[in-house]
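Only one chain is shown below, in structure tokens, and it's the form predicted on its own.
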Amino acid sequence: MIHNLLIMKFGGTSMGSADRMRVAAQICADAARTRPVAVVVSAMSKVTDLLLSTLRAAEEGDRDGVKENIRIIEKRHIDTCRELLPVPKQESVLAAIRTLIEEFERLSSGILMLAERPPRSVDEALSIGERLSATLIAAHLDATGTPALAINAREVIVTDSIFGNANPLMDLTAERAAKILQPKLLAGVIPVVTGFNGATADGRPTTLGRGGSDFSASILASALNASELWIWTDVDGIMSADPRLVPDAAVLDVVTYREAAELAYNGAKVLHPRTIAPLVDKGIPVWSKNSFNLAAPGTKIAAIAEGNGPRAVTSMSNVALISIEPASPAINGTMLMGRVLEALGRANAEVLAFTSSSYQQSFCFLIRKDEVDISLASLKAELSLELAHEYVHPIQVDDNVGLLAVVGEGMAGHPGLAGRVFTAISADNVNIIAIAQGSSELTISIVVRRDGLERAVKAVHAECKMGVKGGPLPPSNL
């Protein structure tokens, strides 16, 4: 076992240019002077989107679009290489970049010929972005005197075969990590591991889903029994609200694992919701830090015994509310809900909020807007008989909505808090469309009209005094 291991993950903006890679590399080098360090990196900012756009163009038969996008991707990485590395070190890295670009070109050509995007090919193609950035920063670290080696996570992280949103097989991953990463760490070499991707036990490439580089880092932290995980982004830490919406939003010094997961799940762009799960059992703390502001202490995410009520309010505008209502009392509402949830599961859609009516057996749920089409297709297939015979009313979709979520451990100790939150929102002339709250009272989810979302967030933040230094006031003062 490696003692006092630090895992550091750098996001797309921290990898976004030669200058940002220099900063990230210096952070790694400084830490590696006193303890073993392993690094996980994202693709350069916007590169994954460009890769995905290229695959879509290939599926549509847009050969010129594919060619132009590949040219842009290649040029960006070649330019970064030439700016980042000394001339004697450039030749081998430029060759590696071109090899990876050729691999992506081959995959794109296959999609062009097929006129479709097989999930396995998409996963293999999308990992190219992380492989390119890992190659660049590892070469820079090595060139500046800190031994480092780029490693494709496909060699280390073993997953199931759910392409596009794979789940890690932790026992196998721990075995691979011990075999591949530990010897390098013991030799004083920094492994620079690609985020976002892995492979099945028989070697088929997979990806870990939206924001999967954070998840990659926590998987490796757990597999290697790391002492800490630092996630470097472009914000000072986890905040009480989006500062673009709430100017007096404050950085939270510390949050619990559950608070962090709920905030991420409900729209806070600090880490991926699944990041927390591999760390909880082993009690590995996570720090959210800003690579653009090294003086900021960041936010610590750890096991904390006591909650202090509402800590933060987060929001999402790229959502849609889907409503389903039985037209006949012969329909068992509970069974219908179960079938609907199964259909959403098959569509790999995340349900952000769910609420129902006990008498009419109608219910509604909130999903991300980019998951609406595939969700509707799955729902209509599942309920085809009921819809055809009008046992169920036509499925309604409302995309003029937004979600806000109030998150905090210990909200149950604040009597009347939910009522005060609803009153504050209504007092600002914002209509509440749907409400969902779990039995743990960790999160209150509220759906409002999109044009009132910003006002609602500000109203809740002010009502709960979240911008107050040290967090919300004690229950007796709320």
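We number the residues from 1 along the sequence you see. Predicted model, so just to flag it, every value in this text is computed and none were measured. Rigid core (definition): largest C-alpha set, two forms, superposition within 1.5 Å.
The same protein has a further form, the form predicted together with adenosine-5'-diphosphate, not shown here; the description that follows concerns it.
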| item | value |
| --- | --- |
| adenosine-5'-diphosphate contact in the predicted complex: Gly345, any heavy atom under 4.5 Å | no |
| Partner proximity in the predicted complex: Pro243 to adenosine-5'-diphosphate, non-hydrogen atom cutoff 4.5 Å | yes |
| Exercise: Thr233 in contact with adenosine-5'-diphosphate in the predicted complex, heavy atom 4.5 Å | yes |
| Partner contact for Gly237 in the predicted complex: adenosine-5'-diphosphate, 4.5 angstroms, heavy atom | yes |
| Interface segment, criterion being heavy atoms within 4.5 Å of adenosine-5'-diphosphate in the predicted complex, picked from 88-96, 104-112, 403-411, 243-251 | 243-251 |
| Contact residue in the predicted complex, chosen from Ile190, Ala199, Leu229, Ala268 - any heavy atom within 4.5 Å of adenosine-5'-diphosphate | Ala268 |
| Sequence-ordered residues of 2-32 touching adenosine-5'-diphosphate in the predicted complex, heavy atom within 4.5 Å | Lys9, Gly11, Gly12, Thr13 |
| Core-superposed comparison between the shown form and the other one, Ala143 Cα displacement 2 Å or beyond | no |
| C-alpha of Met316 moved at least 2 Å between the shown form and the other one on rigid core | yes |
